[in-house]
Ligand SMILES: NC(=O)c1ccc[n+]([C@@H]2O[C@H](COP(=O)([O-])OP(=O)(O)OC[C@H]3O[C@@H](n4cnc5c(N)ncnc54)[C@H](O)[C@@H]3O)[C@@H](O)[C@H]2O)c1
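Next comes just one chain, in structure tokens: the form predicted alone.
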């Protein structure tokens, strides 16, 4: 065996741990800039935090899918009159990704993140200290070196990756996710499951990340139905916060594969939230990849309490339905005539990490099969098969 594991982010986890944020901030810099979104400003926790810390600025303009322009504006604010010494990102994946990219841009050449996101420029490794405080349980952005950005001018949505994008510190307080509505709980929870499964089956998977992936999967399948059924279940919320953290650790080095590659056009063209876009193809990807993994996916399924991979795939479909997420082309607003374009746009570089080679005919069959699902979690029989070019 030969592998590398690294996680430079310091992680603080626990219910109520966010109360210690003022101390964490003070140790990293006196001039702190708060990054969040407008919908969180009136939350009791954030109101109290704004009173406890003397902020040099508050940036609450992060969009649900952060843009290059978002990052550029935040970096300009941080480097300008504010003269920020530390960024504190409180929110979901969009907030954390925007802050991560801006913290790096402040310490690199140029006034835009665009060259580093989509034009091949390389970050120099410097960045402002960043504290990531997730308020959702799913993205794992608090422990990853990625920032997913939308370049509206170029029509490109995708991740940028660099070690300098790891947050300096992650403060994960499960209590902050208690107010998530059902749809957001489902989206973020299935995003976390996608991270666990894709980190596990990535061509670059490794033993330490495999352990994180399996543990995350076990907890998500057990806790997510409870969190969806009873949003006030604090134990389920804590389990999901922990599982999302583990899932972030599971894929931060192996990286994602076909599910996330397909998610980008689903978000770009059809405006599916990121987690819903990942969930849309996840169950089909489980069935597609299982035959080439030499029993590894059966091991994953068994560890999560399923008799076989089919049972796990059906459970994913059930979670989609329970969370009210789209499961069919029609529910996602996709016409059959759109499939060729969707297939072409799904071949993001992450597709190369998939353990089974994916061809355009494979993806066309996958998307067409999604038109056949009814309200049942069962898969149509033509989605079985193994080997390149076999039916999904």
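Everything numeric in this text was worked out from a predicted model, so none of it was measured. Positions refer to the first chain, counted from 1.
The protein also exists as the form predicted in complex with the ligand; that form is not presented, and the subsequent description refers to it.
For the candidate set 289, 281, 94, 194, a heavy atom within 4.5 Å of the ligand in the model of the complex is found for exactly one residue, namely 94. For the residues 334, 40, 327, 350, the 4.5 Å heavy atom test against the ligand in the model of the complex is passed only by 40. Contact check for residue 157: a non-hydrogen atom falls within 4.5 Å of the ligand in the model of the complex. For residue 205, no non-hydrogen atom is located within 4.5 Å of the ligand in the model of the complex, even though that partner is not displayed. In the model of the complex, the ligand stays beyond 4.5 Å of every heavy atom belonging to residue 354.
Though the partner is left out of this view, residue 232 does not reach within 4.5 Å of the ligand in the model of the complex, counting heavy atoms only. Just one listed stretch, out of 118 to 126, 180 to 188, 302 to 310, 221 to 229, contacts the ligand in the model of the complex at the 4.5 Å heavy atom level, and that stretch is 180 to 188. Using a 4.5 Å cut-off on any heavy atom, the residues of 134 to 150 that reach the ligand in the model of the complex are, in sequence order, 135, 136, 139, 141, 144, 146, 147, 148.
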